[in-house]
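Only one chain is shown below, in structure tokens, and it's the form predicted alone.
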Amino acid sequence: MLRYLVLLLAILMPLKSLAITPEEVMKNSQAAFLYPGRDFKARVVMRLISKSGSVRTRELTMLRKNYGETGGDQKYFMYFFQPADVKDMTFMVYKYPGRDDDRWLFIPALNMVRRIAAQDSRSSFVGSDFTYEDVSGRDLADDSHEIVGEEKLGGADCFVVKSTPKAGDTDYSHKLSWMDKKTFLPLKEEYFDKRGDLYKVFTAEEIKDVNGFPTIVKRTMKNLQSGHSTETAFTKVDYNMGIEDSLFTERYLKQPPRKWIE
């Protein structure tokens, strides 16, 4: 009898109450893309490709640690191996939802730690087509979100979400994201400039399961207006290694522990 009552209630329940909200989609995507595991480490190779086809390479180690619940504070640490002009450079981010992040850059040629201003969050990250904000993520509350459709992309069923900045602090007017309904990873993102023209596209080229976490291990950002693109590959990916809090200090920007950057 109870089983039939539950079935009847499910039939009578308004469909709208069963639907996922755009905020829930974005929160789930944030958890899957930016917050998996307690901590994270990977070797990253970025290929910066000009319109003419010439290639410059950036190689670095990226580390991340979460503090509190999903969507809470995070800390990032990056160490650069190549090319020569960025070798031994380090980058650190303290991410605080609801307020501006703190960012530091150590420039070995000057033996100087430079604080990166909050308004530089949309600047290019080491000459690539990714911005500083792309690396550490954007606060979900800074945008309004709307599910504008559902589409299949590369065999995956996706929500299509339109995100519009609430303030004029970005170089784009809005963004469309294709979120995998199963993993909630962003499979594609399209950025539209202030005139409403498509100018930048992010694509997830390859996804692997790493310790139970679906992980985008190859991703590309293309600037359609300049013809420049950046291809990024993640190798030696690992989660939940017990990264010490002491790593994320200004002291280690100049002399990072070898065990964490190799």
Partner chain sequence: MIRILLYACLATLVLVAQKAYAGDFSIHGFLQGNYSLGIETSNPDGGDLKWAEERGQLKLEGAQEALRLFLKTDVSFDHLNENGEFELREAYLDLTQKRWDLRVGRQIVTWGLGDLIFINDIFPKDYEAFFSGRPLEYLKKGTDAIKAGFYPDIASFELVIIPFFEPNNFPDSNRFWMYDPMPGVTNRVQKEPASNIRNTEAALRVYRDIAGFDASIYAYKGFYRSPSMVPDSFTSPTRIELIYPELSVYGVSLQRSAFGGIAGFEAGYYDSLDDRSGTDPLIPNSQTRFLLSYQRQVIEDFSVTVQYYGEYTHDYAEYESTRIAAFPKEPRFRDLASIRLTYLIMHQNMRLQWFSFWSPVDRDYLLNPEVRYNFTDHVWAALGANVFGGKKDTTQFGSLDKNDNMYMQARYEF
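Residue numbers count along the first chain shown, from 1. Note that this is a predicted model, so its numbers are computed, not measured. Between two forms, the rigid core is defined as the largest C-alpha subset superposing within 1.5 Å.
Another form exists, predicted in complex with its partner chain; not displayed. Remarks below refer to it.
Checked against its partner chain in the predicted bound form, the residues K65, K27, H228, R43 give one hit for a heavy atom within 4.5 Å, which is H228.
Interface residue among E150, D169, D85, D73 relative to its partner chain in the predicted bound form, by the heavy atom within 4.5 Å criterion: D85. In plain terms, the part of the chain that comes close to its partner chain in the predicted bound form, with a heavy atom within 4.5 Å, is 101-109 out of 153-161, 136-144, 101-109, 174-182. In the predicted bound form, no heavy atom of N211 sits within 4.5 Å of its partner chain. Taking non-hydrogen atoms only, E250 approaches its partner chain to within 4.5 angstroms in the predicted bound form.
When its partner chain is considered in the predicted bound form, M78 lies well away from it, no heavy atom lying within 4.5 Å. Its partner chain is not shown here, but in the predicted bound form it comes within 4.5 Å of a heavy atom of V126. In the predicted bound form, no residue of 133-155 lies within 4.5 Å of its partner chain by any heavy atom. With the core held fixed, the Cα of I243 is displaced between the shown form and the other one by less than 2 Å. Fitting the two forms on the rigid core leaves the C-alpha of L253 displaced by at least 2 angstroms between the shown form and the other one. A displacement of less than 2 angstroms separates the C-alpha positions of K188 between the shown form and the other one, with the rigid core held in common.
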